[in-house]
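Here's a solo chain for you in structure tokens, the form predicted on its own.
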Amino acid sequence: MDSYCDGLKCRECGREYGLEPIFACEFCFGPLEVNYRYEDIREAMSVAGVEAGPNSLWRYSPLLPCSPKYKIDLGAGFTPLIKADRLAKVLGLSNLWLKNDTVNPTWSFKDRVVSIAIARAREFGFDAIACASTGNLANSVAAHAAAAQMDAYVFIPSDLEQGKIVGSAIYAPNLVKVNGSYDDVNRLCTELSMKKHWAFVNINVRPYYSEGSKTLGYEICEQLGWRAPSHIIAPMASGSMYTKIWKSLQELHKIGLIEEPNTRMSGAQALGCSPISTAYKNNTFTFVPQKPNTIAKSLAIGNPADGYYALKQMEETNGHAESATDEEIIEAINLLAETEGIFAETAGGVTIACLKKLVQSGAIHSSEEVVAVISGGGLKTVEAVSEVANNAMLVEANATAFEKETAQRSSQNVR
């Protein structure tokens, strides 16, 4: 059996479609998602079978919407789940884990979704792959397309961090910088998707692409000994990853691999682009699009496609949403690095900053077992924390100069 999915289904009206490169219902324009045969998957999957699988997201292939024979496997997924005792102590938690997706092939969780998107695109017969991106997705699409020998067209806002621009350009895609925000880039790509026979991973292949985020939840449960934690906090841009993690827990229960999850789901956004968090705090399911103004460019989606569903999920799971200022994001990046040795990009800083605020407010209880998703690596966004390099010593090449400088720093309480 190549895959256990039969077609697509509208999340709003329930109309069903075949396995096609489409993303919206023709009747109500609601988003489409993949339909699975869970009874067949229950027969096909077991704990022993998963644990004997590859050390990548493909160990969960029956729950993914594509045939493994079309995969381009750069080794995405099965990233570490780290017990973060030092950070937990600082934050006032007794039990904290970090899902460290900074170690994926292009250093972000986007390798998960692109692995699925490119497999499905190849299965559909596309010979070119494209995306609208705030940076991480562009990096991953460019890398996977290079490995697949497919043409790639990646569209990004022109003001992205240099690390993310270089991180795409190195794979020699058709790199297009657009004057405007991500929402402007996405509108352009939506228009082009109606004219070009390309697989736009987050437009016409979106129902399949988004399923890749589920593997975060599968791994968390497996790494905890096949159980769900009491609380997960994840960064939100479109809201897709946040909602798919919860879907993954429900699926593992549906096929009998974990007990029924009672996990609270909380989301984190940057204050400079926080339409979902703002709606949550205003106690409404109607979010107002925002013009991004934040250093967390990977989360800078002012009109989130899954915003409504993220808000509904918060209510369903008794979760929360929080937002962090640029200053709080930078502080959290430094805190995570100093306590746990993980250098996260700005999105990771958003997650830790918001976790800190939620613990301080009592929204997250100190006794809860919390998993925080760290979604991307810090070398992509060095501009945000480049001032730390100014603290380096500069001495002459002799021990006397070193001892003099360290004594002076000690007296001034400078690290």
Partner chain sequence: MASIKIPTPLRSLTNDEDTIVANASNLKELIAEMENSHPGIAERLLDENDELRRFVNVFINGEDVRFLDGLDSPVRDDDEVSIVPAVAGG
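Positions refer to the first chain, counted from 1. This is a predicted model, so every value here is computed, not measured.
Just so you know, the form predicted in complex with its partner chain exists too; it's not on screen, but the next bit is about it.
Subject >> 4.5 Å heavy atom contact, residue 290 to its partner chain in the model of the complex >> reply: Looking in the model of the complex, residue contacts with its partner chain include residue 290, since a heavy atom lies within 4.5 Å.
Original post:
If you check in the model of the complex, is residue 19 within 4.5 Å of its partner chain, heavy atoms only?
Top reply: Residue 19 lies outside the contact set for its partner chain.
**OP:** Would you please decide whether residue 206 lies within 4.5 angstroms of its partner chain in the model of the complex, comparing each non-hydrogen atom pair?
**Re:** Output for residue 206 is yes: heavy atoms within 4.5 Å of its partner chain.
Subject >> residue 31, heavy atom within 4.5 angstroms of its partner chain in the model of the complex >> reply: Yes - in the model of the complex, heavy atoms of residue 31 and its partner chain come within 4.5 Å of each other.
Subject >> All of 67, 124 and 246 with a heavy atom within 4.5 Å of its partner chain in the model of the complex >> reply: Not one of the three qualifies.
Original post:
Among 278, 339, 190, 250, which has any heavy atom within 4.5 Å of its partner chain in the model of the complex?
Top reply: Checking each option against its partner chain in the model of the complex, the one that comes within 4.5 Å is 190.
Subject >> Contact assignment for its partner chain in the model of the complex, among 323, 186, 79, 294, heavy atom within 4.5 Å >> reply: Residue within 4.5 Å of the partner: 186.
Original post:
Out of the stretches listed (178 to 186, 327 to 335, 142 to 150, 160 to 168), which one is close to its partner chain in the model of the complex, meaning heavy atoms within 4.5 Å?
Top reply: That would be 178 to 186.
Original post:
Which of the residues spanning 101 to 127 lie within 4.5 Å of its partner chain in the model of the complex, based on heavy atoms?
Top reply: Heavy-atom contacts to its partner chain in the model of the complex: only 110.
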